[in-house]
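A single chain comes next, written as structure tokens; it is the form predicted on its own.
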């Protein structure tokens, strides 16, 4: 007979203990590291950023109250250190995303997948960047070139693709740490749903593994939280 709903496996208990021991600051740190290391822009952590902003505001109020009430300066300085750390992580996370948008703005804007990963403010930023860069290049360079070479996105009018648009390098190598066991995947990015076959190019990570690997085959594992980047 199957185990009852109240009986958890060791792996489930470990996942639960990891979850309840993870603070929003740690989650924000993980999101920042993932964003820094990933070659593409990741989905915006809207709920996490909102909570972080609320906690930072509360921490600022707490530090001000401690300073005004004459509490132990050491305690006040410890609160200030926590505040500084949270502010640094939030600003760095948002800054890394803006840098990616600046680098990949044309590709992000034409891709529905990447477009939907932006926050409302990031969408406005990307749109403004595209408009300003386009206007600048048109006035300084493109208008002075032959008609066949005045495209902002293509090398020439005969190009079939937007070959002047930088794309995220999904085959770049990254360092990944396993949080939860990954699904069986092959290094060429294909899935294996029914178990391993005789091929020897499959790869699977278990919690605690630290590996250097190509980003593309484990893209979904990062999105699902099974791995994190360092």
Partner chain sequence: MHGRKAYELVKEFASGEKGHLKIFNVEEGSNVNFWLVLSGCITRQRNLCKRRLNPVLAMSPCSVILHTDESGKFPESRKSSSSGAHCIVVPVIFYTPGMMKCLRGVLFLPFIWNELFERVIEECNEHHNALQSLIRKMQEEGLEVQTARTADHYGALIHHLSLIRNKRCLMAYVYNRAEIIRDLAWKVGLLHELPREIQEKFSDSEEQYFKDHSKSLKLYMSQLSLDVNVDMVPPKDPYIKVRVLEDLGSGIILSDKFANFARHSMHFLKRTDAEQYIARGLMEELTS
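Computed from a predicted model, the values in this text were never measured in an experiment. Residue numbers count along the first chain shown, from 1.
FYI, the form predicted in complex with its partner chain isn't displayed, but the following is about it.
A.B. asks: Indicate whether its partner chain has at least one heavy atom within 4.5 Å of a heavy atom of residue 125 in the predicted complex.
C.D. replies: Flag for residue 125 set to yes.
A.B. asks: I'd like to know if residue 43 sits close to its partner chain in the predicted complex, meaning any non-hydrogen atom pair within 4.5 angstroms.
C.D. replies: No.
A.B. asks: Evaluate residue 113 for contact with its partner chain in the predicted complex, applying a 4.5 angstroms cut-off between non-hydrogen atoms, and reply yes or no.
C.D. replies: Flag for residue 113 set to no.
A.B. asks: Is residue 75 part of the interface with its partner chain in the predicted complex - any heavy atom within 4.5 Å?
C.D. replies: Residue 75 lies outside the contact set for its partner chain.
A.B. asks: Decide if the three candidate residues 105, 121 and 133 all line its partner chain in the predicted complex, where lining means a heavy atom within 4.5 Å.
C.D. replies: Looking in the predicted complex, the three residues 105, 121 and 133 all sit within 4.5 Å of its partner chain (heavy atoms).
A.B. asks: Does anything in 153-167 come within 4.5 Å of its partner chain in the predicted complex by heavy atoms, and if so which residues, in order?
C.D. replies: Counting only heavy atoms within 4.5 Å of its partner chain in the predicted complex, the contacting residues of 153-167 are 154, 155, 156, 158, 164, 166.
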